[in-house]
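Next up: a single chain in C-alpha cells, the form predicted alone.
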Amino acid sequence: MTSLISSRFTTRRSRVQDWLFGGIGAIASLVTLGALGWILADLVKMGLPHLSVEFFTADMKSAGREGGIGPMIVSTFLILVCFLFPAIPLGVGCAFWLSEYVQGGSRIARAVTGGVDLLASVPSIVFGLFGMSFFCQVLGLGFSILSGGLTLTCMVLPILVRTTLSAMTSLPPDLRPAAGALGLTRATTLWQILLPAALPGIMIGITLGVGRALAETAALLFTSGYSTRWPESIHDSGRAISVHIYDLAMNIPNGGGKASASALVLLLMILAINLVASLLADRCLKSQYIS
C-alpha cells in the first residue's frame, strides 16, 4: 500500500514537472516570437511607405533622406562575394584537416581549435581595426570593397570551421572503414563520400556566416568606407547596407524612415539567402536518400 501511494505521488510530481517545464518553454517561445514580431512591425510601419522600385535602383540623395540604395545593394553584394570566395575554402578546408588528417586531442589539434575559438570571441571593432591596419595599409588595398570582404572572412572563419567540424564528426562512424575496405584513398573518401554527406551542415555554417556578414557594421566602417557611388570594381570604396542604416539612424536628422526601409531590404536579403540555403540542403539530403 505504501509503495502504491509513493508510486502515485512520484507519477503526479513527474506530471507537474513536465507541465512546469513545458509551460516555461512555451512562455520563452512566445516571448521570442513577440520580440521578433515587435521588431518587424516597427520596421514595417516606419519603412514600408518608403519602399518602391526607385528605392532599390536610384542613387542616394540629400544625405539619404531621398533617393534610393542602389549603390549600397551592389556594394553589399560585392562585399559578400569577396568574403565568400576565400572564407569557404579556408573554413571548410581547416575543418576537413582537423577531422581527417589530425589526431583528435593532439597538441596541434588543440592549438588550432583553441585559436579558432579565440578568434570567435574577438569583438568586431577589433577586426575592423585589424583590417584597416593590415589590408588597407600594409597590403595597400585602401578603403575598398576587397578590404571589407577580407576582413569579414577573418570574422566568419570560426563559424565555418566549427559548423563544418560538427557536421563531419556527426557523420556515421562506419563511412570511413567502409570506404577503406573498398580501397578508396583518403582524398577520394573525403571528396566523394564525406563531403556530400556533410554538405547540409556546411550549408548551415555558410548561411550563418552570410547572415553575420550582412549585419556587420563596425568592421566595415574601417575597411570598405562610406562612398555612396556606384562601385566599378572591388578596389573601389563602397558603403554596405548595414553601414548605411547606421549612418541614417545616427548621423542624419529625419533619416529614421529610410533607415527602417533599408533594414527591411537587409532582412529580405537574409531571408532569401536562408531560403536558398535550406532548399539546397534539402535537395542534397533527398539526392543522398535516392542514391
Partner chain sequence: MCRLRVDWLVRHVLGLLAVVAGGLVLVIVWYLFQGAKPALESGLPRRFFGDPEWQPGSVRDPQYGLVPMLAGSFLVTVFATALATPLGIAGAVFYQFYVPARVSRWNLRCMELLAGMPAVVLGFWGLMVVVPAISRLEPPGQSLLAAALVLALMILPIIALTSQAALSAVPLSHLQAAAGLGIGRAGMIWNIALPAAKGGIGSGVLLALARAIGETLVVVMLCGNIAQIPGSVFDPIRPVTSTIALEMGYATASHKALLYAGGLILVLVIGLLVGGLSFRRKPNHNTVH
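Just so it is clear, the model here is predicted, and its values are computed rather than measured. Residue numbers count along the first chain shown, from 1. Each form is matched to the other, and the largest set of C-alpha atoms that superpose within 1.5 Å is called the rigid core.
There is another form of the same protein, the form predicted in complex with the partner chain; it is not shown, and what comes next is about it.
S.K.: If we define contact as a non-hydrogen atom of the residue within 4.5 angstroms of the partner, is residue 29 a contact of the partner chain in the predicted complex?
M.R.: Judged by the heavy-atom cut-off of 4.5 Å, residue 29 is in contact with the partner chain in the predicted complex.
S.K.: May I ask you to state whether residue 246 is within 4.5 Å of the partner chain in the predicted complex, using heavy atom distances?
M.R.: Because a heavy atom of residue 246 falls inside 4.5 Å of the partner chain in the predicted complex, the answer is yes.
S.K.: Even though the partner chain is not shown here, does residue 128 get within 4.5 Å of it in the predicted complex, heavy atoms only?
M.R.: Result yes; residue 128 sits at the interface with the partner chain in the predicted complex.
S.K.: Report yes if any heavy atom of residue 73 sits within 4.5 Å of a heavy atom of the partner chain in the predicted complex; otherwise report no.
M.R.: Heavy-atom contact with the partner chain at 4.5 Å: absent for residue 73.
S.K.: Heavy atom within 4.5 Å of the partner chain in the predicted complex: which residues of 170-193 meet that condition, in order?
M.R.: Heavy-atom contacts within 4.5 Å come from 183, 185, 186, 187, 190, 191.
S.K.: Aligned on the rigid core, do the two forms place the Cα of residue 38 2 Å or more apart, comparing between this form and the one not shown?
M.R.: Yes; that C-alpha moves by at least 2 Å between this form and the one not shown.
S.K.: Determine, after fitting the two forms on their core, whether residue 233 shows a C-alpha shift of 2 Å or more between this form and the one not shown.
M.R.: It does not reach a 2 Å shift.
S.K.: Tell me whether residue 48 is among the residues that move between this form and the one not shown (Cα shift of 2 angstroms or more, core superposed).
M.R.: After core superposition, the displacement of the residue 48 C-alpha between this form and the one not shown stays below 2 Å, so no.
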